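Quick heads-up: it's one chain on its own, the form predicted on its own, in structure tokens.
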């Protein structure tokens, strides 16, 4: 007893968590056993881990199908516009405060992304785009970690009302969304390259200096392919990271135990699911927004400067 009393608050919380975690695992193992007993929906194949990413149409407005993917994009767009207007207003405030410091840090941070990768003319032109892309993707990623009642294929009864199951969903997990953003960037940097160098000059600017004539045709093909690969790399990097993160959270948060029919596994893996959730929401969401924004600045700058 005295040993417990002499423990620090942090140690007590840690031991309490460990006991609850191991104790819960044992309780579930005793209550449900360690023999797999899969739910009927799992056995019949009616349930699949990818169901949560399926876009079921809620209703249509003309030819536009409204689903949770569209909802999240609209939410992100509204929040991004609101944040950018708020930042613009804060930049006009002369009183130093914590908000002003944070806004100025954000402004300098995004400004640096453009100024270090473009000349002054391009930096002035594309700073608003790079900053908006950064905020838009960051907001899109962050709201993707807020559990909302969106899973219409699985509902629960609440006072006689069938309520959609809660889930976390990010628009980035649908490949079409990052593909559209990447296609916009692809068109912009190629437009700037052709506008600055001319069509033939732009192709020449892709070729590193000092390449011999014998290997020149191969290098031309490789460099032209690399331009198109930028479209794929921008798309896949954002899409795959967010999709993998959400799948990991779902599996470690309890879905794996459901799939194998062993409830104690869900409880055992739950702390790992929470850790992955925190890691994704605090680091990956911001990191992927930063990578997409800075690559946009790099690609636009390179289209003008070239390799020569």
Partner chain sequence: MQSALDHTVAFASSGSFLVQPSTGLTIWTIVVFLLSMAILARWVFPLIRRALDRRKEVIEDSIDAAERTRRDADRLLTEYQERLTDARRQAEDIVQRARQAAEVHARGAQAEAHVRREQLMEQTRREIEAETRRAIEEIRSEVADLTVMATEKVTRMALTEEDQRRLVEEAVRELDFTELSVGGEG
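Positions refer to the first chain, counted from 1. We call the rigid core the largest set of C-alpha positions that still match within 1.5 Å between the two forms. Nothing here was measured: the structure is a model prediction, and the numbers come from that model.
One more form of this protein should be noted, the form predicted together with its partner chain, which is absent from this view; the next part is about it.
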Q | Joint contact, 174, 177 and 243 to its partner chain in the predicted bound form, by non-hydrogen atom at 4.5 Å | A | yes
Q. Among the candidate residues 148, 73, 224, 232, which is the single one with a non-hydrogen atom no more than 4.5 Å from its partner chain in the predicted bound form?
A. 73
Q) Of 251, 53, 268, 277, which one comes within 4.5 Å of its partner chain in the predicted bound form, counting heavy atoms only? A) 53
Q: Determine which one of 214 to 222, 124 to 132, 158 to 166, 201 to 209 lies within 4.5 Å of its partner chain in the predicted bound form, judging by heavy atom distances; exactly one does.
A: 124 to 132
(Q) So, residue 64 and its partner chain: in the predicted bound form, are they within 4.5 Å at any heavy atom pair? (A) yes
Q. Hey, in the predicted bound form, is residue 239 touching its partner chain, heavy atoms inside 4.5 Å?
A. yes
Q: Considering only heavy atoms, tell me if residue 89 and its partner chain come within 4.5 Å of each other in the predicted bound form.
A: yes
Q. Can you check whether residue 107 is within 4.5 Å of its partner chain in the predicted bound form, heavy atom basis?
A. yes
Q: Within 4.5 Å of its partner chain in the predicted bound form, which residues of 254 to 290 have a heavy atom? Give them in sequence order, or say none.
A: none
(Q) Superposing on the rigid core, I want to see if residue 119 changes position between this form and the one not shown - specifically a Cα shift of 2 Å or more. (A) no
Q. Core aligned, does the CA of residue 168 move at least 2 Å between this form and the one not shown?
A. no
Q) Would you say residue 103 moves between this form and the one not shown, meaning its CA shifts by 2 Å or more once the core is fitted? A) yes
